[in-house]
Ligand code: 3UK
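Quick heads-up: it's one chain on its own, the form predicted alone, in C-alpha cells.
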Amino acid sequence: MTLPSGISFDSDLRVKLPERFNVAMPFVDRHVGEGRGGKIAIRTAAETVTYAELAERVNRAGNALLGAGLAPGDRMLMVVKDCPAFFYLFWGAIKAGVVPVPPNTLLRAADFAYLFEDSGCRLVVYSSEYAREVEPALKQVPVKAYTVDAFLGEMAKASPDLEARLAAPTDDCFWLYSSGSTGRPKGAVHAHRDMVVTSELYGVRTLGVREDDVSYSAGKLFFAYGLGNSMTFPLWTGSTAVLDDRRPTPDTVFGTIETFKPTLYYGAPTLYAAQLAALGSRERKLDSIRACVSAAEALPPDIFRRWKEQTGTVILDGIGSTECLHIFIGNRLDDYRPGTSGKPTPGYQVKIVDENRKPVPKGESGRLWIRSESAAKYYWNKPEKTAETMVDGWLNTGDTYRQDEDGYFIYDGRSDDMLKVGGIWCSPVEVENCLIAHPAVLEAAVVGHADENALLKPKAFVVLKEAGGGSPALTNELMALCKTTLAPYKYPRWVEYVEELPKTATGKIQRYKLRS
C-alpha cells in the first residue's frame, strides 16, 4: 500500500509531512476517497464498522466535543474500554483540535482524581463498567462528564461534517500517561507526526502489516502498545482491527482468534505463558495467524521455544515505551533470536551508555537511550523529569541493555526499581505504602521475583511491629489490602517476613540486595 498523499520518508527514514496537517486525515478520512468506504475497519462480537461509518462517526464525535464546550487545545480524558467508541472519541477529538488522553482503565478512584486534576481536563468520557472508580473521582475533582452511552447520544444529534483543524506536525496531539517511580503517572505529550512514524517504520517496514491483514491485540488500546496494534497500524494500512473489551484470558483470547481469524496477534509474555498452559489440555485452532508479537516485558526464550513447538509460529519479541509510542527494538520474521529484543527498528537511533553517558563496548551493559521522531515532546507539568529523561533529542529509557556480537539487544533489567507486571509498570514504592497502611506492618520493601515462567511479579519483604506475627492469615490480609486499594495487578504474589530491611547510611532501602 502506498503512502498517503503528501507524506513521504527520506533516505534516513525521517518523515516529511505538510506544514499544516491533521493526523486524522491520513488515518481516517482518506479511506473513503481511496475506495475503502465499504471495507470493515472494526469488528467486535456485537458489531462491524466500515471505513465510511468510521469517518462519519469521527466527525460527529468531534462536533459533539465542540458542542460540549471544548475548545482546541483542551484535554478530554477517555476512560473507555476497547470498543468502536474509543476510535470515535480519539480521532474526533484530534480532528477537532481537542487533545484526547486515554489513561489506564485499571486504575482506582484516587488515581483518576489525580489524573483529572493533573491534566486540567475539561471533559471525562467513561465506559459504564468503570463507573465504580471514575464517579467517586469526579466527586473529588468536579469535571463535566459523560458515560460513553450518553456521549453516543450526543453524537447522534451532531453534524456528520467536520473540517479538520490543521496544525504543525510537531504540535501537541494526544497524551498517554506513563507510570512514575513514585507511582504518580506522567503525561507524555505526543505530536501529530508520532503515529505516522510508528505505523510506517514498525508497523509496515518492520512487522509488514498489509491491507489484507486482520489484527487482534490482547494489549488494550490505552497502552501505547495496544494503540498501535489495534488502531493505528490497521488504520494506516486500511486493514481490519478486532476488538474485545473483556479482560484477556487464555479462553477469551483463543475464542476470539478462532471466531475472527486474525492474521496478526499481539500478546505479552504473561499471557503467552498462560496460553501455553491452556494448550496442554485442549487443542485450539490458530492457523489464521501469520505473525505473533510480544512486548511490555522481556520474553523468556523457553516461552518462545514452547510456543513455536505447539503452534508452529514464532513470537517476535520487542521493546517499546509510552514515550516512544511503540516498539523501537524488535525481532522480525526474517531476523529473530530468542532471548533478545531484536535489532533497532529502521529509522530509530539506539545507543547504550555508561553513567557518564559515554557509549559502552559491545557486550557490556549500560543504559539504553533512543532517538526517534515518535518520541514524546515532554512530560506535562514535570520539567525536572522532562530534563532528566529527554536530553538533546535522546530519550533515556531507564532500561539496562547490552548488545551481542551479532547486533541483537539483550535486556538486563531496569536502571531503577520499577517493575513490569503482566506488561504494566508497577512502582514498588506505591505497593510498599499500601502495605505499611496495615496496622501490623512497620516497614515493607517490594522487588521483582521470577515466577515459574521466569516472569517478574512483586514480592514483598515485610517487617512487623511485633516480632513473630507473620502468618498465612496475615499474608492473605496484606494481599487483599493491595488488591482492593491498588490496581489489582500490583499485589505482591509472595510475602516474606524479615526482622529488618537492608538500608544505606541515610536510611534508603537497598532493594537490589533483596533481589539477590
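All values derive from a computational prediction rather than experimental measurement. Numbers follow the displayed sequence, beginning with 1.
Keep in mind that the form predicted in complex with the named molecule is missing from the display, and what follows is about it.
Taking the partner from the other structure, the named molecule in the predicted complex has a heavy atom within 4.5 Å of a heavy atom of Thr397. None of the heavy atoms of Glu373 is located within 4.5 Å of the named molecule in the predicted complex. Contact between Leu325 and the named molecule in the predicted complex is found at the 4.5 Å heavy atom cutoff. Residue contact check for Lys81: none of its heavy atoms lie within 4.5 Å of the named molecule in the predicted complex. Partner proximity in the predicted complex, defined as non-hydrogen atoms within 4.5 angstroms of the named molecule, places exactly one of 434 to 442, 311 to 319, 101 to 109, 145 to 153 at the interface: 311 to 319. In the predicted complex, no residue of the candidate spot (His31, His192 and Trp236) has a heavy atom lying within 4.5 Å of the named molecule.
Checking Val134, Ala296, Leu201, Ala96 against the named molecule in the predicted complex, a heavy atom within 4.5 Å turns up for just one residue: Ala296.
When you look in the predicted complex, the only residue of Tyr379, Tyr225, Tyr348, Phe87 with a non-hydrogen atom within 4.5 Å of the named molecule is Tyr225. Although the named molecule is not shown here, in the predicted complex the stretch 388 to 419 places heavy atoms of Thr397, Asp399, Tyr401, Tyr411, Arg414 within 4.5 Å of it, in sequence order.
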